[in-house]
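Encoded as structure tokens, the following chain is the form predicted on its own, with no partner shown.
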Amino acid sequence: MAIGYACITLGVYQTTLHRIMAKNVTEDKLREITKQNLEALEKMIDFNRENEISLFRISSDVIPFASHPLNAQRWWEEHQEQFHRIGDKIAASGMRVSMHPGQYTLLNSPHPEVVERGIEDLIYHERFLTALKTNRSSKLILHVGGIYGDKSTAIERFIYNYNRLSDPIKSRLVLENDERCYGIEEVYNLGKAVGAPVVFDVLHHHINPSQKERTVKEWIHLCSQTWGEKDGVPKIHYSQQQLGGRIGAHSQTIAIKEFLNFYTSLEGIPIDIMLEVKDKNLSAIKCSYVIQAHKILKKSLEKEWARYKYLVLSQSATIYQQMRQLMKRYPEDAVKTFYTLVEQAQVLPLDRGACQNAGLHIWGYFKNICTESEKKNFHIKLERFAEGKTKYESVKNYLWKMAEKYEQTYLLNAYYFINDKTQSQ
């Protein structure tokens, strides 16, 4: 079983995907951004390999305007060397990648032009995965679409347009239940009708449950039977509701206690779990470590602590000290306790004293190499924050620029900066 995450790798330097506005599009800019984004994707794949993450959803935004007339480049040929190098890394690590076309990729729209755009988008996604030399276990996940006033007719339209797709696209497509229109029973029946595997989304099912009284485990087992041998291990999507957010909004992080209850309820069903969560790779590593805690070596958790330490310090000096002592003692339950303490720190309200303390610790990397002007600017920003005259992001943005200038790799890859615009690089 693999646990993975989607699209964005947080806390890893130079992994942000670049975009361009339609009015600024030129062939040279498209070519440049495509190259930059493939470089960013390769860094994401490298991170996943280093951290033994073997399930990853690639963002649809790697190629700008990929299915739009604005981009007529044969990017899969022009950048073939990059694609093959990334694909070789994926294959060598046994990583399984996927993509998830967006909400406007619709096969059941009553408007033919919308359907045609949807098919063009699927052509792009299939071409991307093929350029990486992946096999058919690398999937494209698709929602059924809208109801348009008549669900039966909308489903018939989906089947008709599905059958128009090329075999390479159909061999990769997986259908997913959604939180509004099509519940798992309808998607399961549709998948059986067209011969497509079905991915079960846990949160969507809680919001939009089936009329049939089956447990989550029963639905997962049933959906897994729609996957053939060449489709790979059956996948599910797992997320948790954001407290206080709109219905269906994904949580900031995966609460480990709730996840463990879900995981143990599956009782060994062979599935891969794609986490849909805002802190992405942080939750993927957390969940992977906790379910195999007895195998996690101290040096692996120390690597995690190195990334988390200043984030935790900026939230609570007390929890920071508890975690330091935990890492020294490393008791049998160290892994679960570690992430429980991280979660406790993450939900605390702003503590100006803790923020200042963390900022000063990070400033220690620069105090002996910076200019007098830089030192003065930092202390002015920190003082203004202490007086409530500016936001903490102003301090962190300055520290990020200093880390870039003085090439402090340790800081550039710290989770301390993950929620700030400094990660735009």
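Don't overthink the numbering: it's just position in the shown sequence, from 1. Quantities reported herein were computed from a predicted structural model and do not represent experimental measurements.
Unshown form predicted together with the DNA; subsequent notes refer to it.
Next on the checklist: Check Y160 for me: does it contact the DNA in the model of the complex (non-hydrogen atoms, 4.5 angstroms)?
Outcome noted: Contact check for Y160: no, nothing within 4.5 Å of the DNA in the model of the complex.
Checklist entry - Is there a non-hydrogen atom of Q103 within 4.5 angstroms of a non-hydrogen atom of the DNA in the model of the complex? => result Yes, Q103 sits close enough to the DNA in the model of the complex that at least one of its heavy atoms falls within 4.5 Å.
Next on the checklist: Is L17 part of the interface with the DNA in the model of the complex - any heavy atom within 4.5 Å?
Outcome noted: Although the DNA is absent here, L17 would touch it in the model of the complex, with heavy atoms inside 4.5 Å.
Checklist entry - Taking heavy atoms only, is E50 within 4.5 angstroms of the DNA in the model of the complex? => result Judged by the heavy-atom cut-off of 4.5 Å, E50 is well away from the DNA in the model of the complex.
Next on the checklist: Within 4.5 Å, heavy atoms only, one stretch in 288-296, 223-231, 111-119, 319-327 touches the DNA in the model of the complex. Which?
Outcome noted: Among the listed stretches, the partner-contacting one is 111-119.
Checklist entry - Heavy atom within 4.5 Å of the DNA in the model of the complex: which of R180, R164, K212, K89? => result The residue in contact is R180.
Item to check | Proximity to the DNA in the model of the complex, single hit among H379, H68, K367, R31 (heavy atom within 4.5 Å) | outcome: It is H68 that has a heavy atom within 4.5 Å of the partner.
Checklist entry - Which residues in 136-154 have a heavy atom within 4.5 Å of the DNA in the model of the complex? => result Heavy-atom contacts within 4.5 Å come from G146, I147, Y148.
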